[in-house]
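Only one chain is given next, in structure tokens, and it is the form predicted on its own.
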Amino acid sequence: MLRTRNITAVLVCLLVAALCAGCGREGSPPVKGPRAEALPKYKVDTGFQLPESKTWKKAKKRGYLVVGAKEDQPYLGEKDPATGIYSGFDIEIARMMAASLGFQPDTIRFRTIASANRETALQNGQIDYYVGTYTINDMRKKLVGFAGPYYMAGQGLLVRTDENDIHGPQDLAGKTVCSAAGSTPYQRIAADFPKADLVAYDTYSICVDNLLTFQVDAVTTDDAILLGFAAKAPDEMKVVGKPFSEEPYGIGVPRSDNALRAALNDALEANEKNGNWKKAFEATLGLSGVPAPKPPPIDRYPTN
């Protein structure tokens, strides 16, 4: 009975959030950001200068940074529709980078940019840099530059906390698994684990709703995204097993701005060493119950 009440409460929160968003997407998760007091405070490098970066000089003259982000990924990049405030691990990465570049917290303006428009936004100067589950790959490197990676994501599995039979993709035979229609995670399960019973929806949040109502046994996509959903309801859901792909998340910058890319790489390295990276993870994705992993090695690939 208690478990039924808990699940009902979670679903009520999901419904209320969708209504509050005003014609919100079906299955939208409730907006519930990290606790402000648990987040690191980033020391602003007031003496920082980067005159060789056109992007930095433009932002400095403008008086503020414009940072591209996601707004619908729990505990990664999420925008509160009531306050307009962005929160999550990716947002913290963006903020620590801004401090290292010499910008005060109140001089950061986040702008939601859809995945399909990221390269264009960077190329056209609509944003100074982008932080939002942006996987580094060779094709994208032809269009934009990347600092990082700051997190090594990989395909994972989200299940209910009372699920004891699924520990990894090898256990999916006969299980109903949900993913986004046409996504790479969906295709990987179909190709490599054909005995799973696959279902697909337009968004992962609908898959999560179906997981909570026992209509599916597991949800699969990048583990970072799944950790965000688990952090929303850690008593109801958990991420299991080890990632079974590699998705290095990077900070997108204009392709020609190698000076900015190098400065962001230096900032990432410094914040990993001083503990800010770990604190940011623990205050966001770490609320899922998963300990902070070791940050991946920074790839200072050659300029061209």
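What we label the rigid core is the largest C-alpha set whose atoms superpose within 1.5 Å from one form to the other. Just so it is clear, the model here is predicted, and its values are computed rather than measured. A residue's number is simply how far along the shown sequence it sits, counting from 1.
There is another form of the same protein, the form predicted in complex with a small molecule; it is not shown, and what comes next is about it.
Q: Taking the shortest heavy atom distance, is Ile189 within 4.5 Å of the small molecule in the predicted bound form?
A: No - in the predicted bound form, heavy atoms of Ile189 and the small molecule never come within 4.5 Å of each other.
Q: Taking the small molecule as it sits in the predicted bound form, is Pro169 in contact with it (heavy atom to heavy atom, 4.5 Å or less)?
A: Looking in the predicted bound form, residue contacts with the small molecule do not include Pro169, since no heavy atom lies within 4.5 Å.
Q: Taking the small molecule as it sits in the predicted bound form, is Pro185 in contact with it (heavy atom to heavy atom, 4.5 Å or less)?
A: Answer yes; at least one heavy atom of Pro185 falls within 4.5 Å of the small molecule in the predicted bound form.
Q: May I ask you to check whether Glu236 falls inside a 4.5 Å heavy atom distance of the small molecule in the predicted bound form?
A: Contact with the small molecule, no.
Q: Picking from 125-133, 189-197, 99-107, 77-85, which part of the chain touches the small molecule in the predicted bound form when contact means heavy atoms within 4.5 Å?
A: That would be 125-133.
Q: Identify, from the list Asp222, Asp209, Asp217, Glu71, the residue with a heavy atom within 4.5 Å of the small molecule in the predicted bound form.
A: Contact with the small molecule in the predicted bound form is made by Asp222 alone.
Q: So which of Arg95, Arg118, Lys232, Lys175 reaches within 4.5 angstroms of the small molecule in the predicted bound form, heavy atom to heavy atom?
A: Exactly one listed residue reaches within 4.5 Å, namely Arg118.
Q: Comparing between this form and the one not shown on the rigid core, is the C-alpha shift at Met152 2 Å or larger?
A: It does not, since the Met152 C-alpha is displaced less than 2 Å between this form and the one not shown after the core fit.
Q: Answer yes if the CA of Asn117 moves 2 Å or more between this form and the one not shown after aligning the rigid core, and no otherwise.
A: After core superposition, the displacement of the Asn117 C-alpha between this form and the one not shown stays below 2 Å, so no.
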